[in-house]
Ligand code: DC
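Quick heads-up: it's one chain on its own, the form predicted on its own, in structure tokens.
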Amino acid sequence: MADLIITIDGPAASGKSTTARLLARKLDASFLDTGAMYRAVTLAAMQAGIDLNDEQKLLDITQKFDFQFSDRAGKMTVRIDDADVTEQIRSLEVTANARFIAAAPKVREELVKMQRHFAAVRRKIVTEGRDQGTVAFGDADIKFYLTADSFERARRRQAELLTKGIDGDLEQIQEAIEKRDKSDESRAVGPLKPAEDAIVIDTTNLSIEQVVEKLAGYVEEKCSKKT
């Protein structure tokens, strides 16, 4: 396992992905984008034309296809059977259907194995998701949990969509985020919640740069004590 594991969990649009990527770059660590893993399995299932409600068939997908994940310049590169799907997994349809993978306990177990394998061959990693500090890496060196109020998260998501040329309705985006929160928090396996030893940070009124600096400060303090 990696010498240094930092987990960043939190709800949708709390800033965890961008924060994790920038923090990894700052620390010269590998960035593990668990969302990319869920999306990859989702895309493979969609391409195979299977029923996304059928957990066994979803589980078969994780065994039938060869999923390869690598980090390059702070970005997760994804390949399925040697085909680069890094951009394809970011489509709106894949994003919407990823919830089926997240709700399948046996598939989540396979994804956790993939995440741990990723960490096992790297020296330092920063990983983000919804159950990294509670399930995937319960013994992580430092655990963070980022949160923000739903309106601010909706505003961020709307701004993100605008950069892609998509004009999303703010109220609808907020409703969708709150619905996702409820689903994630009530999930039987790997529910969204802070780890008992996580450092909780409210990012509502913080810029992404401020969040990264705050986390980096905690990491520096922790590592100095460790040495």
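Just count from 1 along the sequence shown to find any residue number. Being a predicted model, the structure only gives us computed values, none of them experimental.
Unshown form predicted together with this ligand; subsequent notes refer to it.
Would you please decide whether R156 lies within 4.5 angstroms of this ligand in the predicted complex, comparing each non-hydrogen atom pair?
R156: no, not in contact with this ligand in the predicted complex.
Although this ligand is absent from this view, report whether A102 comes within 4.5 Å of it in the predicted complex, heavy atoms only.
Result yes; A102 sits at the interface with this ligand in the predicted complex.
Just to confirm, Y38 within 4.5 Å of this ligand in the predicted complex by heavy atoms?
Y38: yes, in contact with this ligand in the predicted complex.
So, in the predicted complex, is A98 in contact with this ligand at a 4.5 angstroms heavy atom limit?
Flag for A98 set to yes.
Counting only non-hydrogen atoms, choose the one of 145-153, 90-98, 116-124, 74-82 that falls within 4.5 Å of this ligand in the predicted complex.
Going through the listed ranges, the match is 90-98.
Can you name the residues of 103-135 that have a non-hydrogen atom within 4.5 angstroms of this ligand in the predicted complex?
Sequence-ordered list: R108, G129, R130, D131, Q132.
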